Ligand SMILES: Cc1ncc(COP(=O)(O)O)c(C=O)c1O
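Below, in structure tokens: the form predicted on its own, a single chain.
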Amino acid sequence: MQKPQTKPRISNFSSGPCAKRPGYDVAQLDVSSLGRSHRSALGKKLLGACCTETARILGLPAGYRVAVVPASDTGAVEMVMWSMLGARGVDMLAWESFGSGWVTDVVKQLKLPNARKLEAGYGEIVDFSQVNFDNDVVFTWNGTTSGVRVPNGDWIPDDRKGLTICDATSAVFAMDMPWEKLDVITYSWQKVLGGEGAHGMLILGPRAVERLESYSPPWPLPKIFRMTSGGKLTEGLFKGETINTPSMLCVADYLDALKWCESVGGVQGTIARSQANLKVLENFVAAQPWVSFLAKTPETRSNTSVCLLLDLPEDKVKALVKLLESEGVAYDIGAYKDAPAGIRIWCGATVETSDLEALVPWLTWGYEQVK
């Protein structure tokens, strides 16, 4: 095969931090808050806008609260687990690395005796019929390291007794989320909207707030995990009064990303962009006998972190990844370190479909070079 002549205009296909939005220019950001206190009227206004604009654009139900919290999606998940779990049993669902990490935290760090693990291997998903909704349930909506996603929320009953706690970091803004089925949702700026790292987003439904105000865990809570004071929810946290000092530059970047989301048709627009990107890779895989999806069934196939298996030994997969990076056509597409050897291509909304169309001939060329 001849070497392709056309390269992607933007070759950033990392699964986090992800590609910046099309046309992004840091010089276009409103940086009036830089050098100002996050507690100033301006700082609070902008942080509050992160919360209210997120709720508005996502179309969250009435009574759902949004907060900016420390330490990215990981911090958001951790503060929820350490603050809310232990009131009843918990079902931990895992089918990839990050879900398995939450299992480790609950079993080995919190050491909850009434924790139940439901696990599936890479490319598979758990049997949802086995979930006990008398328990709290912790799960990832989209397995970033396996390319396996929850197909829908039909398996979650409306009359559940426990809370549903959903790590949705690579799903929010890219997949239809059944908000009423989810009591806690977490995500981070650097995924679907291509924002910056270090800040997490926490969305709490009314049932989660009720848990926080009626239950105190038996272990000490670090300051950055505390969401209540005197047994009541700290409402300021959901109005832009952050627990610790945020980066106001990252805040400006996130607000810019939200404006871009609206410019492409809101959440339905960003979902459509991700679906169009996945379609490029689906067509590619269908035409090539040497590549396949790690996700076994189309219904559970991610439209953001797309994981592919190649009929190559691990050393040659790594050689392919290195070759494509050296050609400047694909950066950061190696599979996650704990996942099966393969490649992982981010197909979120900030990636242009035309760049994926330019990439796939290079995948074939690279395969022919290393096999």
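Just count from 1 along the sequence shown to find any residue number. What you see is a predicted model; the values in this text were computed from it and never measured.
Separately, the form predicted in complex with this ligand exists; it is not shown, and the next lines address it.
Of the candidate stretches 247-255, 291-299, 68-76, 275-283, only 68-76 has residues whose heavy atoms lie within 4.5 Å of this ligand in the predicted complex. At least one heavy atom of Asp167 is located within 4.5 Å of this ligand in the predicted complex. Using a 4.5 angstroms limit between non-hydrogen atoms, Phe98 touches this ligand in the predicted complex. Among heavy atoms of Thr270, none comes within 4.5 Å of this ligand in the predicted complex.
Not displayed here, this ligand is approached by Trp102 to within 4.5 Å at the level of heavy atoms in the predicted complex. Although this ligand is not shown here, in the predicted complex the stretch 312-329 places no heavy atom of any residue within 4.5 Å of it.
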